[in-house]
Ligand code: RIB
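Given next, in C-alpha cells, is a single chain: the form predicted alone.
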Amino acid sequence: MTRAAIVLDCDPGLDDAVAILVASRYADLVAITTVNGNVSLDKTTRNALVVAQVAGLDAPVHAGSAQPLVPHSLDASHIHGENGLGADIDIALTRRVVSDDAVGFLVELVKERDDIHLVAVGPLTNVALAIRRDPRFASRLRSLTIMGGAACGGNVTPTAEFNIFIDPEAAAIVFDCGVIVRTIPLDLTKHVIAHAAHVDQLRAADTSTSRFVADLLVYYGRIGATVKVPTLGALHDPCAVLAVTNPELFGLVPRHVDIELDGQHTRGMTVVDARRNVEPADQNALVGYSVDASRVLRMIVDASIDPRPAT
C-alpha cells in the first residue's frame, strides 16, 4: 500500500512533536516546515530538529514565517512551556535546518511533485504566503488538511481556536483558496485525550521516543492542572495527520467555512455554515465532527514508541 507523502507544517509545541512521530510512522514524511505559533520561530524550529534527532528521522526541516500576517506577540508558552517542549530538553543538537525559506520550499516542491499532502497544524501563515506567491499552489497539492478552528466554541476566546486566532488573515486566505480544506477542529480533537495509563505504557516501552513523549505528556498534564484541565491533555495535532493516513477514523462533513476578521468579540472565529441549503459549489471544507478516539490514541502511542514506518 502506498504511503501518503506528507509535508508537516507545524509550530512545536507538545502535540506537534507527537504529530511529527505519527507522520513518520504512518506516512512518507517528506519534510517538516516550521512557523511561529506556540512559541517563537527560533524555538519551534529548534524543537522540530530536536524531535527529528531523537527519533532518527531523515526528513529535512525548513524554517518558515516568524510573524503572522498582522504581527503581534501572542503565543501559547503558558501551555507548552517557555521553550515549547515543556521542561528543558537536555540534548546536544546536531541537526540543522536545510533552509530558512519554508514558503519557497513548499511552492517549488509542489511544482515538482503532484502527490504532496500538506498537513498544517499551526497558524496558517506559511500556507497563506505560499498561496500568495503562487495562486496555483493549493490546487497543485494532493490534499490540504489543517488542525484548527472550532464550530462550537474556542480555547483562546469564547469563539476562537488558537491556530486560527493567531493568524486569522492567513486562515481567511487558506479557506478562500479554491480547494477543499480538510478541517480537524477543536470540537473533534478535544475527545482524543491522553491519560496517565498512556504515560505508563510509554514508560514501560522504554524507547528513546516513548520516554520523550511520556515526559511531554507529564508536563502537559501538570500545566493542564493549573488551568483546570482534568486530564493530561488533548492530542490535537496528530489527529490531522491521521485524517490523511486513516480517514476512516474520522467523520467529515462538507461545509462552508469563513473566518471572522473584524468582530470585537469574535475575531478569529471559524464560522461554519451548517445550514442544509448551502449549495455544494459553495462548500470549501470537510469539517470533522467525530473520531474513533480509542483507535487514534492506540496509533499515537504506537508511533510514540516506534516512529519507524509501519509495515
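Numbers follow the displayed sequence, beginning with 1. Keep in mind it's a predicted model, so treat the numbers as computed, not measured.
If you look for the form predicted in complex with this ligand, you will not find it shown, but the lines that follow are about it.
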So this ligand isn't shown here. In the predicted bound form, which residue out of Leu144, Ala194, Val213, Met147 has a non-hydrogen atom within 4.5 Å of it? Met147
Using a 4.5 Å heavy atom cut-off, which residue among Ala172, Leu109, Val103, Leu186 comes into contact with this ligand in the predicted bound form? Leu186
Heavy atoms within 4.5 Å of this ligand in the predicted bound form: which stretch in 92 to 100, 110 to 118, 132 to 140, 158 to 166 meets that? 158 to 166
Any chance Asn38 has a heavy atom within 4.5 Å of this ligand in the predicted bound form? yes
Which of the residues spanning 15 to 29 lie within 4.5 Å of this ligand in the predicted bound form, based on heavy atoms? Asp15, Asp16
